[in-house]
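Just the one chain here, laid out as structure tokens, in the form predicted on its own.
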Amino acid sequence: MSPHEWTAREIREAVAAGRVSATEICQSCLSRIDDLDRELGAFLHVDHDRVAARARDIDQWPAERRAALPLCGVPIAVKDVICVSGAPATAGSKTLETFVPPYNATVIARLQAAGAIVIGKTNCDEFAMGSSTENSAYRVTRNPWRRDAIPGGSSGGSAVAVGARMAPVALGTDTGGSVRQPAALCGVVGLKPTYGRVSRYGLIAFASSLDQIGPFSRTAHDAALVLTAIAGADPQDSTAAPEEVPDFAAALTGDVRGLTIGVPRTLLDQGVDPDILRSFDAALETLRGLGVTLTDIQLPHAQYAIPTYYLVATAEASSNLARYDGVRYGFRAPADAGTDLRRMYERTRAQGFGAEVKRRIMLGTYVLSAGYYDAYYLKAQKVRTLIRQDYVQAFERVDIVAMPTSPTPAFRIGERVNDPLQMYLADVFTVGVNLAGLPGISVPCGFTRDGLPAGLQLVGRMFDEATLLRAADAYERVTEWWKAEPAVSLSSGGPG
């Protein structure tokens, strides 16, 4: 088995023990990127020299130092909305095409302190706004299981990097499902931590009350390793909670007997692909066989999650993206004769932002405007509270809530570009988790008859990622879905 096929846990153990060098690991991953990414489009920036220099440094460390680091020698891909010092951070937008941050995001500093190696910046929907990674200003990312299908979004590049074995782990951001949904569509694990579990310092903001950084990986154990490394309070981010960070990997006992999982069956009555529902039901029966109790629950306000999300998120996006005006940094439209400041603003924002970002800015500005604030934004905040209360009541009876991650498998590239409503409905099972600030994880649970992956979503109590990871790990121990690898032939156009 080639090093690029190893999990993060296997890489760390081998590098720490001196059985393989960090240089060999990185060379294997970089070769994989060189071979595949021209077609898949997962990466926007890879600096081979910088990766090689970091790997050489790690190889020269004393053995005892390497052994003490939980992610020693592990390559990690990073979504291009997270700042890495000296590397471009475009957020998939023309607006930031020349921006190179002079500092590391807190998550990057913590990963490097744990011995990880940033191997590249991954493609995403512009400013993380999208469900398909078709909204990037630079390239379209393709699903490794079928090249004419979307990988999900907005963190599609990171999902593809892990799914196609170009990196063992990756970071994404999840504002309404942007880690969990692409993880499901690409057949990998995706974890959205509790809001506040992970610092957002150094994250290019989309919707500040919803955004959360989380890992992609091939296994729940690898996700636990990354979460332990990046979680915790941060003086640079007032929303980073001062909760104690447990050793999440230590919680993976394989024993889930006594857990109760709630299933909101009424949400699954319409719009769920039959193959997705079949895989979901089979996964629940597998968990039942491990000693889990299944019970039906109600989430009565979940039906309002999509409209609520697209009022709250767009309002916050409108505010956050007001800073991109062409004055201080980023793209500025070329001036013409008679251009005044107002005209410069208009031209810069019109040319710098793509269609989806403009759509969301306009929606958000509208719902915040005089005469409409109470009718839309304020009402959405009230419904958000009701959605959160539904989960609070459910967790009085259950330990975990289970749903499909996505109602459908990956759709074809271009299929929903001109139908924003259908695109937004791809997140119907994920946005409520962000509105409530809860942790959620997607794990591979099967394939459709067309060979496309399906994901099982588990949602937990606030700051109880340990239980989610324990359940995901127990499920992986008795199934083989997480081991499946897509075909990587460059000529492949159909199911892998």
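All residue numbers are counted from 1 along the displayed sequence. Everything quoted here is computed from the prediction, not taken from an experiment.
Quick note: we don't show the form predicted in complex with a small molecule, though the next part is all about it.
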query: Listed residue (Pro168, Gly157, Gly92, Gly177) with a non-hydrogen atom within 4.5 angstroms of the small molecule in the predicted bound form; finding: Gly177
query: Answer option from Thr405, Ser131, Ser136, Ser217, heavy atom within 4.5 Å of the small molecule in the predicted bound form; finding: Ser131
query: Residue contact check: Asp427 to the small molecule in the predicted bound form, 4.5 Å heavy atom; finding: yes
query: The small molecule contact in the predicted bound form: Tyr201, any heavy atom under 4.5 Å; finding: no
query: Residue contact check: Phe395 to the small molecule in the predicted bound form, 4.5 Å heavy atom; finding: no
query: Any non-hydrogen atom of Tyr309 within 4.5 angstroms of the small molecule in the predicted bound form; finding: yes
query: Contact segment among 122-130, 237-245, 340-348, 143-151, judged by heavy atoms lying within 4.5 Å of the small molecule in the predicted bound form; finding: 122-130
